[in-house]
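In the structure tokens that follow, a single protein chain appears in two forms: structure 1, then structure 2.
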Structure 1
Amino acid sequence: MNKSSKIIDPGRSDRLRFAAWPHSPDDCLACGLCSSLCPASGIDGFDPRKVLRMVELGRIEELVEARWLWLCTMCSKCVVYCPMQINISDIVRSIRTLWDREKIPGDLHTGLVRALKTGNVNALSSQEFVSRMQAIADEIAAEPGFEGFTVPIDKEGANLLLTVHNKLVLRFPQDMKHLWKVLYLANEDWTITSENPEGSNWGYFNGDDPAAKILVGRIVDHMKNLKIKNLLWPE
């Protein structure tokens, strides 16, 4: 591939596609502040300023193949320092939206598909999820000071909805206990749900807005169907 011909051909810049984006890459002064402070700069060729230049030059085919695009955490430190206030995180996420879903590295797309289909990234049945939650609750109830502890599930009219982080369910179930115990000791009226219990949203990470909307909508449905008064922000 002749890369230099791509670079000098302004006709490749796809302005329509980026018209809806919050900032034009034209705004970039190429000062390099973003690249200087980004902890991911230089890893496998990642560099936030380079991303902006590639967008400006219309080199989208390369951006939707570049695995280093997934090294960015979208932490937005570069956005805070950018003298032109270009939202580089938004641009990275918008490029991720353009990726072929099947080519997304790791579990970010496949996990999202499982969450959409089964209600959770771990693809547990509602019954199995509930029995795992109850097993953790039983362990807490065996500790001094927590006698009679139970985990409220689908409790109508509860004061607080707690979403469950997928990572804790299978890999770190012991870490679920800390917050549950605090809620118990504070005499909180809380609940988790047996269906669609998660709060983390992988559609945010991989740029899939339609999926992200469905996941957020599930939380809205819980609040409405169970008449819960307050939502604890999941992340």
Structure 2
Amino acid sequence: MNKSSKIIDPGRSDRLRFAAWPHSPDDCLACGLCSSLCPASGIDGFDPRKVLRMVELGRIEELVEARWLWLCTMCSKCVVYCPMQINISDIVRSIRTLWDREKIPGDLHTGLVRALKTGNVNALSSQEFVSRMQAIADEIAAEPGFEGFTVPIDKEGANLLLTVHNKLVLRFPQDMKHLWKVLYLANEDWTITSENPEGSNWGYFNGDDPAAKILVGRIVDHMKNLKIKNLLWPE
């Protein structure tokens, strides 16, 4: 157990859980590795070091009101390279749990609501989703060397369950085609599901642990019901 694991107490939802931060100000060396590696650092005032210092000083209310906190992508590069093993991304996520759900910026909250209700952030019906997947498969099958390609949907006993990133369905289907081609050429046994295909866990990004558990549970249920042993999660 590293030091950062003590920061979060999932049994408490009040703001006092940050009052007794287990790190002393000396734990953060101010080396700047987190800020230099962060893809969002410097945008609209966001800086991982500033987040740490504000938590140390008990300025949680200000953090809860800071919209720039949502610029964190949760990539955890800061965690990997922090010489003091401070889990900054987990701190950010925990602060997000304190936000009023309706005040979360952008479409993060509404996207999560759609994912919980329909199984995907795009709010596509199962029929619409399958139709789009088959259309992509038809495009691949029209290319030389892929004449026999089909997209396996709800295939029981496949080796891999492939989750689907929401942005690829409507905006970047070409990226999906590249991966499917690799699986086809490798003669891999894989499948996607017609219902609840979402791989992006917006509950995690939003700091909504109950919602995150539901989304993860759906993937687990797919693997159990379809008797699949391995998960390929191209988040």
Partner chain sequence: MTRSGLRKWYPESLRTFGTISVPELLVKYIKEERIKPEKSRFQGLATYHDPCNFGRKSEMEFGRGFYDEPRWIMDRCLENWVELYPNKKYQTCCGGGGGTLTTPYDRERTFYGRKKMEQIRAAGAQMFVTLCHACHGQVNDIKKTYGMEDLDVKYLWELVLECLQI
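Values in this document were obtained by computation on a predicted structure and should not be read as measured data. So that the term is clear: the rigid core is the largest set of C-alpha atoms that superpose within 1.5 Å between two forms. Residue numbering: sequential along structure 1, first residue numbered 1.
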{"query": "Assignment: the form predicted alone", "finding": "2"}
{"query": "Rotational displacement of the minor rigid part between structures 1 and 2 [degrees]", "finding": "18"}
{"query": "Core-aligned Cα shift of residue 60 between structures 1 and 2, given in Å", "finding": "3.7"}
